[in-house]
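What follows are structure tokens for two forms of the same protein chain, given separately as structure 1 and structure 2.
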Structure 1
């Protein structure tokens, strides 16, 4: 008799399968375009570009796995890596959902809530993108209105600001140093901009973990 998979076994099996499918699709698109247009890239330029950029993304990819899996749970993490936009959308949705439900990220309840929140956010995002594609032409004059421009510029800061207040209030001792450090870095190092968020989030997490460990050892944290 075939043994049924447990929930977690099923999550890992399906997560690996879909991640592999997405990897094949993403890697296959350039080859498909080359076949359609009957052309090939400049291999020397491609190799030089990969040498300059790929190692950074490999490192970030490994760090993000260790960063997001404990925060989102296996189901939420697999779904986030497949659908993308983790730090700007999936992570805030999952953390807020678990906060509202009063569950911890490393619990079975937290795993379920996180996965459901990320799944719903993925569906909503897809629907909004479809509507955006359909309505982009008639809505362009409204969206480009000078009156609304300041509001659109503050959407992401408002989202993360609201989430930050909740977590900072709960862990004031831990958050003060990383918060000040990141603010100073982004102020005095101009190269750090919105494009480096994917790198700086895992870096900040590691710094916070080290700081929390030191504070715990010194008896500062109860």
Structure 2
């Protein structure tokens, strides 16, 4: 028991320290660039740009912490929030790993497997982007060619097709209502599109949780 506490404690300690360091560095970078190039930001544009962007992103960022942290587990979450690309890469990767390993997300094994998968995925992503940048001149015409471009444009549907069937098949009862609701909403509400799907994730998570709670209390989810 003592061992377990010390592992989790070190996960939290390291994770929080890394997040703090990264926050300071990333905020420091534009200041550093101002000093290097002896310039200052266009204050009016900075203010307008921030007003247009920051409030919504801050709210989304806060909601994402509450939505994704329990799914990723502590070890994976600290790293995922720093490396980004959570919904289109880290989370599907962790889910697939736990599914393959046959471990439950809320178990200790699940947490460790999820952390491992996210760490490997982060390393591989960083390395591939480095290779992509090194090879950017020969790669650009290939990746942007009219032949290949449609494939990358459809990454999300291709990813969630495979992922959805596995999870839906295992959780049919709690899936039906949110699935139909989301499909109808996205079809008939024009404001819902690729720009707003990130906001709909927590909304749908809350709806599904409430529905699951009611079904559980009524004994439907035996």
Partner chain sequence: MAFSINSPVLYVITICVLVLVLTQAVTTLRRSLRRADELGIDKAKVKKVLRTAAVFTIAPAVAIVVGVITLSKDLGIPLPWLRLSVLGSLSYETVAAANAESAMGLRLGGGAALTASQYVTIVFVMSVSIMSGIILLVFIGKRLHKGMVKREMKDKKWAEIFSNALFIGMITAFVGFVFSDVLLVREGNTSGLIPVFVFFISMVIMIVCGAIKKKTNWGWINDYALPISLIGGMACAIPLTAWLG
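Here, rigid core means the biggest group of C-alpha atoms that superpose within 1.5 Å across both forms. Positions refer to the first chain, counted from 1. Keep in mind that this is a model prediction, so the values were computed, not measured.
Each of the two structures shows the same chain on its own, and it is structure 1 that derives from the form predicted alone. Taking the rigid core as fixed, one finds a CA shift for residue 59 of 2 Å or more between the two structures.
If you fit the rigid core between the two structures, you'll see the Cα of residue 46 move by 2 angstroms or more. Relative to the superposed core, residue 155 undergoes a Cα shift of 2 Å or more between the two structures. Here residue 136 exhibits a Cα shift of 2.9 Å between the two structures, evaluated on the superposed rigid core. The rigid core superposition between the two structures gives a CA shift for residue 37 of 4.5 Å.
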